[in-house]
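Encoded as structure tokens, the following chain is the form predicted alone, with no partner shown.
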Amino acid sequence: MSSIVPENNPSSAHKSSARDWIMKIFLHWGVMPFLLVIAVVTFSLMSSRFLTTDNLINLFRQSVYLVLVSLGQMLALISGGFDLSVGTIVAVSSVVSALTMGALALSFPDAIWLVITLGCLAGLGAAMLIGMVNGAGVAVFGVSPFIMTLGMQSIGFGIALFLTAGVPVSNLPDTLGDVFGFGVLLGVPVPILMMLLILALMFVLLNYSAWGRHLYAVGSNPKAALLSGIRVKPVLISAYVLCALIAGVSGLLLTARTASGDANLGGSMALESIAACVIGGVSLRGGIGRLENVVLGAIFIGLVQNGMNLAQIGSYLQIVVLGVLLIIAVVFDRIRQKRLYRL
């Protein structure tokens, strides 16, 4: 009795080819492309306004602030830690810059740009100070990033509330909002130009500088990096300082957008930025992460929030959805890392 074995099965070949194609996308981009397709299809069915041009432009504008915070969070994650205080840094930079501008405007009413410049520098200085404390705690004293940044999150939020008594700081120069909140240069909104500038600087820093190579090395294996002659502590401290500085820029842009310094700004940005990074393929174990993926991950988070708003899903349920997305991203990141390790 002879058995018949088909030499070629077109159906099986097509299935194998499709599976290989999907696996290549997953290994390169992570779970984000698949979540993006699901989100677009779902929200398109739930709201006819979702895929309109006006809504998509509005989505990109609103995503700028989270993209910036996520880029800073990415540096902390690549270094092998994370920063839970980025939301507080946004609030502190907003409050400090607004208070400084308000005080200086009384003394120099005719020097608006001097007032704005010094106010922004004060906000960025406060942000960098928090970043230096975070970095020193992690790198010098060996405190876990979770405890260190969680503690600074509480301290910073308390200071912001103390400085403002919980009341938003208003009476800022109109020029601040006209230029950095709603200004347009060469047809492009100024906040988007700021984001592109920071993105370009980070691309050069991570891909064409010794500091970038050292950051990836420290995140992958700090002991091996130390034995290779890399100064681990300065690299870690600088990663947290840059993370805080970029979050501070986001806080200043939000201050210009809302025309007030608010201690409640950035309340959910820690969760959202970590979710954006993990969905964008940044490893929670450190040493792995790409800028373009993080930008897309942050836009994806903004897209999900935008779609849920259009579908009139409540804010409480939106927090639940973000938490679920973060867990899904972490689970698939572990699967992806195992697959990459086997290759």
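For clarity, a rigid core is taken as the largest C-alpha set superposing within 1.5 Å between two forms. This one's a predicted model, so the numbers in the text were calculated from it and none came from an experiment. So that there is no doubt, residue numbering starts at 1 and follows the sequence shown.
One more form of this protein exists, namely the form predicted together with another copy of the chain; it is left out here, but the text below deals with it.
Undergrad: Can you check whether Ile319 is within 4.5 Å of another copy of the chain in the predicted bound form, heavy atom basis?
TA: Ile319 belongs to the contact set for another copy of the chain.
Undergrad: Residue-level contact is defined here as any heavy atom of the residue lying within 4.5 Å of another copy of the chain in the predicted bound form; does Ser154 satisfy this criterion?
TA: Output for Ser154 is yes: heavy atoms within 4.5 Å of another copy of the chain.
Undergrad: Ile25: heavy atom within 4.5 Å of another copy of the chain in the predicted bound form?
TA: Looking in the predicted bound form, residue contacts with another copy of the chain do not include Ile25, since no heavy atom lies within 4.5 Å.
Undergrad: Give a yes/no on whether Leu271 approaches another copy of the chain to within 4.5 Å in the predicted bound form, heavy atoms considered.
TA: Yes - in the predicted bound form, heavy atoms of Leu271 and another copy of the chain come within 4.5 Å of each other.
Undergrad: Would you mind picking the one in Ile116, Ile237, Met148, Leu245 that has a heavy atom within 4.5 Å of another copy of the chain in the predicted bound form?
TA: Exactly one listed residue reaches within 4.5 Å, namely Met148.
Undergrad: Counting only non-hydrogen atoms, which stretch in 118 to 126, 160 to 168, 103 to 111, 186 to 194 is within 4.5 Å of another copy of the chain in the predicted bound form?
TA: Selected range: 160 to 168.
Undergrad: Using a rigid core superposition, assess whether Gln318 undergoes a CA shift of 2 Å or more between the shown form and the other one.
TA: Gln318: C-alpha displaced by 2 Å or more between the shown form and the other one.
Undergrad: By the 2 angstroms cut-off, has the C-alpha of Met308 moved between the shown form and the other one once the rigid core is superposed?
TA: It does, since the Met308 C-alpha is displaced 2 Å or more between the shown form and the other one after the core fit.
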